[in-house]
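To begin, one chain is listed below as structure tokens, in the form predicted alone.
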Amino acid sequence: MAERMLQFTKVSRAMPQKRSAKERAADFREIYGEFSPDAAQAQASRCSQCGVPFCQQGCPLQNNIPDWLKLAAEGRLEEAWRVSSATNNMPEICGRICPQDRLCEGICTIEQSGHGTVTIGSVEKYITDTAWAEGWIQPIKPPRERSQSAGIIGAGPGGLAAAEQLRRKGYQVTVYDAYDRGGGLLIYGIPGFKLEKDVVERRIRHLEASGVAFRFNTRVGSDVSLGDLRSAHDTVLIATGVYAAKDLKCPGSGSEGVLPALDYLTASNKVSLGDKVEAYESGALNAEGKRVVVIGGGDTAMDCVRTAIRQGAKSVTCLYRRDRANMPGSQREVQNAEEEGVVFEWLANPEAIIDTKGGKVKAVRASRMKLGEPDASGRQSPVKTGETFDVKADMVIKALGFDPEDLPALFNEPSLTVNRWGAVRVDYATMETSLPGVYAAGDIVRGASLVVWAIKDGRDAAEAMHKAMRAAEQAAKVAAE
């Protein structure tokens, strides 16, 4: 029914209703409402059904976006969900947190023609939320059960995607994670106003019902060794993510009240989940009534500033050394933060943390910057102008990115090779590490990146693990004959 498509000249781009800044700043619920069926169909019908779908090329998972948009426009939602979920293990999560403005929507053909992009992420979310509500998503029942097993280290998006793919093929899968819940940064790093926690917990329950075993509060290297896992399983996947926070290198960075972003976000998310967090209750990880300065320009920085607003901070300022156009975070997140009351100081680089005689932070001294020549990333390098200014602060949050932890030392596996940045080296054709039968995926391989890339890596690694286990099974049969 092609007449239902190419409606972009008649139907304006629209997102689901967004709650007012005043309302949403008072809680941690998601800021967007739900599409009505009519609205979702109308927005999906705006797709131009390109012969060369740039949106698909812009998606790391190569999702068949035009196909499921057409099905959604025609009201064939179960078919749309099946097409969407064929290439994505968590479409309802990607629909919520992917920076579509930098990926699929950013290169949408009708966006380039000036008609405004198709709201791909919101339609994707609508399709899968409908699938959950209608009961179309059922526990996995493999065609046959296999005796071979896989151990997965890390219950983040990469590990969860691999677990699902392997379970679909009938393998016995156990996921080991140091936290007390599954989801990794999906549960403890990303705030509820972007991704409500029951959405993540629902995926974990789905995998459990599908036969995936989870061993939480299990730290590889102390509670169990990598050698133990290699002995217990036919193959092992390392999908730990990266958690070593990059430090702030300036005088006073050790002052009381200067915090790593992940510590701050984890405490807030634990409180939202109903946990008791002493550092939050004491005020150490609570922004209420404080002047907060967040240093950084990525998505983690946006999570921090918007969390501080919801905790009742007196003021929230974000310092970023480049300008708005050159920041790595989502522009939508910047707009949401500005609406909620965050002040952005662009072209500002911290020079020192000023503290009291007692060692508590009281201000951040920053240098005014200008943009110079492009660096290796292609962005213009910030250069000092010689001007400085102070921003009063009771709490300073470092959101400067993350590096890999020293896995060879943590796992007591010196034979596990890493690159100069500490990321695990793999053969990219197979995702296998220097240890035979041990694979790696996600941020621990590529460095801090997007959830959608972790899902892709997890799927790729699972396919390689399947091929290796199938080859071993066939070799065993031949030997037994």
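So that there is no doubt, residue numbering starts at 1 and follows the sequence shown. All values reported here derive from a predicted model rather than from experimental measurement.
Below, we turn to the form predicted together with a small molecule, even though it does not appear here.
Undergrad: Using heavy atoms only and a 4.5 Å cut-off, determine which of T218, T388, Q172, S210 is in contact with the small molecule in the model of the complex.
TA: By the 4.5 Å heavy-atom cutoff, the listed residue in contact is T218.
Undergrad: Of the options T430, Q49, S449, T417, which one has a non-hydrogen atom that comes within 4.5 Å of the small molecule in the model of the complex?
TA: None of the other options qualify; the answer is S449.
Undergrad: Pick from 344 to 352, 250 to 258, 158 to 166, 321 to 329: which stretch has non-hydrogen atoms within 4.5 Å of the small molecule in the model of the complex?
TA: Heavy atoms within 4.5 Å of the small molecule in the model of the complex occur in 158 to 166.
Undergrad: Does the small molecule come within 4.5 Å of any heavy atom of W132 in the model of the complex?
TA: No, W132 stays farther than 4.5 Å from the small molecule in the model of the complex.
Undergrad: At 4.5 Å between heavy atoms, is Y179 in contact with the small molecule in the model of the complex?
TA: Answer yes; at least one heavy atom of Y179 falls within 4.5 Å of the small molecule in the model of the complex.
Undergrad: Would you classify L185 as touching the small molecule in the model of the complex, given a 4.5 Å non-hydrogen atom cut-off?
TA: Contact with the small molecule, yes.
Undergrad: If you check in the model of the complex, is A44 within 4.5 Å of the small molecule, heavy atoms only?
TA: No, A44 stays farther than 4.5 Å from the small molecule in the model of the complex.
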